[in-house]
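Encoded as structure tokens, the following chain is the form predicted alone, with no partner shown.
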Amino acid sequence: MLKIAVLYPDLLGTYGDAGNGLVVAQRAERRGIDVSLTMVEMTDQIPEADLYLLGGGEDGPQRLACELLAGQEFAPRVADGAYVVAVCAGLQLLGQSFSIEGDAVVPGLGIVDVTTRRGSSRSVGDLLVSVGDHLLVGFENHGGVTMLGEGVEPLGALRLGRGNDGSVDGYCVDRIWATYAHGPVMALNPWFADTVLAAVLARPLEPLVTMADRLYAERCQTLLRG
């Protein structure tokens, strides 16, 4: 049984990022894999899971989500082998610290060696990132500039948008993927959902072609044309 948990969609669900859990679960089920998908709200205990998903949210909900996660067994479960996909606010709170409105610095969970400060202007618009042989598409809306620590690799190089710092987006370390791409990113990028799924299952996946693949290709072409 593949166990997937979307953490605090009531706090970190500004752009429908909870849909990432639905997409991964559906792509697994279509391949005959038994899946348990749990939407973990702020009053719930975090269950054991193979894959945790974190979305984006505003400053107050982001800070609250970080405090709630710090009081549960989330970090130890990640250290013990759980996988994580984090978007925007989720990306930031996994780090050492992040800044909120007024430039107040908030301690993060310290799971990844990254820090985020407030940028001089907000990053809003389409995002296009080269990730290996693929393109990742999405939409960003954040005020942070994220700096990667030693040994932390970016998820990919920017083709369009600002991402972390104007040159790269997100990070990929151990069993964690993080990006500033909302969307939800898994629905917009089926290849990314399958990359994560294959890693969690530790085996190659059977091909699965859906309408999402055609829409993804069209989106890439549109953004590349500018």
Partner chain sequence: MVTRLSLRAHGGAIATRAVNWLSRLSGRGEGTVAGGRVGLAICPTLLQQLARGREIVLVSGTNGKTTTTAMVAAGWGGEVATNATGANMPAGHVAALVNSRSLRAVLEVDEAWLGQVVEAVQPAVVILLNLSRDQLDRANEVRQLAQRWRAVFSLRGQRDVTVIANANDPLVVFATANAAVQWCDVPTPWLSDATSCPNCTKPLARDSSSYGCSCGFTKPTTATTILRDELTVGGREVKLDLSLPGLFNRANAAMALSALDVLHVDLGNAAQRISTLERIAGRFETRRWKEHRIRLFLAKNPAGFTAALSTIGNTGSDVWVAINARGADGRDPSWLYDVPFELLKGHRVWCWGDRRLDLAARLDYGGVDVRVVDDERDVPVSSGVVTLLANYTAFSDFLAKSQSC
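Bear in mind that the values here come from a model prediction, so they are computed numbers and not experimental data. Numbering follows the first chain given and starts at 1.
One more form of this protein, predicted in complex with the partner chain, exists but is not displayed; see below.
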Testing 195 to 203, 45 to 53, 178 to 186, 153 to 161 against the partner chain in the predicted bound form with a 4.5 Å heavy atom criterion leaves exactly one stretch, namely 178 to 186
72, 141, 130, 97: which sits within 4.5 Å of the partner chain in the predicted bound form by any heavy atom? 141
Does the partner chain come within 4.5 Å of a heavy atom in each of 87, 90 and 108 in the predicted bound form? no
4.5 Å heavy atom contact, residue 134 to the partner chain in the predicted bound form: no
Residue contact check: residue 174 to the partner chain in the predicted bound form, 4.5 Å heavy atom: no
Is there a heavy atom of residue 33 no more than 4.5 Å from a heavy atom of the partner chain in the predicted bound form? no
The partner chain contact in the predicted bound form: residue 124, any heavy atom under 4.5 Å: yes
Though the partner is not shown here, which residues of 5 to 21 have a heavy atom within 4.5 Å of the partner chain in the predicted bound form? 10, 11, 13, 14, 15, 16, 19
